[in-house]
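The chain that follows stands alone, in the form predicted on its own, written as structure tokens.
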Amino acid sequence: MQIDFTGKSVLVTGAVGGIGRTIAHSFAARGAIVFATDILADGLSETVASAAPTNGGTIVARPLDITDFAAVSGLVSEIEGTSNRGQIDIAVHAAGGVKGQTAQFIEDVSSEEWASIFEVNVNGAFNVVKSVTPGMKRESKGEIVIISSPAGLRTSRTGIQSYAMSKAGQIGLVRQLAQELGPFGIRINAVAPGFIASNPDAQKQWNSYGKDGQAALVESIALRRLARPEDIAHAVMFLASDFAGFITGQTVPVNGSP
């Protein structure tokens, strides 16, 4: 299977973290013009410097707060102005996470803590999809992939209530939008990665398990290893490609277990 994105315009949010960065690299290595965004502007230079584009692929860094709809919409308009087809061909929402939070009893969670995770995970996804959809409708084609979590399908290992809810919200959004956008030739799917220590919050969570807890977690995975960023990127490449042309509204677990 040869997956090629030569000349395609691709928007990737959360492109500083391990998963988002690897997704951006993977598109550029297949010829895409990738707009890598993140609120962590300083980290974007490393995303660009560590890439190995081929077939005319490239990565353009753009600092972006995905919770700011005007900023997201403005960047999308900028990208559409440089695109061969006047649209973003593929959008991947990889930004999000737990915002540095740890588990608390529900009565101890502040309204601000609750809202902050929902804001980036769900409202961020809404802002991205809302912004890219008009251009995709004009061309009757487009692919959207949301990086969700198994926390949206079951309970969350983090123990953070708003994280579990936000990831379930993303999956619900994907299902609903698949029905709405399908008649316009737009597909939307989600990927639910297994545990992967690819950012500071996840690394902190991994460290908190201790040696015995870490071993127990690995033993609970059928393939007996943690997920890697490239595992997630490979699933995204497939879902964004024509090989997945009749798949929409699905959440694909990439977690090494049945």
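Residue positions are given as counts along the sequence shown, with the first one as 1. Being a predicted model, the structure only gives us computed values, none of them experimental.
FYI, the form predicted together with a small molecule isn't displayed, but the following is about it.
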Proximity of G57 to the small molecule in the predicted bound form, heavy atoms at 4.5 Å: no
G159: touches the small molecule in the predicted bound form, heavy atom cutoff 4.5 angstroms: no
Close approach of G169 to the small molecule in the predicted bound form, 4.5 Å, heavy atom: no
Partner contact for F195 in the predicted bound form: the small molecule, 4.5 angstroms, heavy atom: yes
Of A70, L40, A49, V218, the one that lies within 4.5 Å of the small molecule in the predicted bound form (heavy atoms): L40
Stretch from 130-138, 106-114, 182-190, 148-156 whose residues place a heavy atom within 4.5 Å of the small molecule in the predicted bound form: 148-156
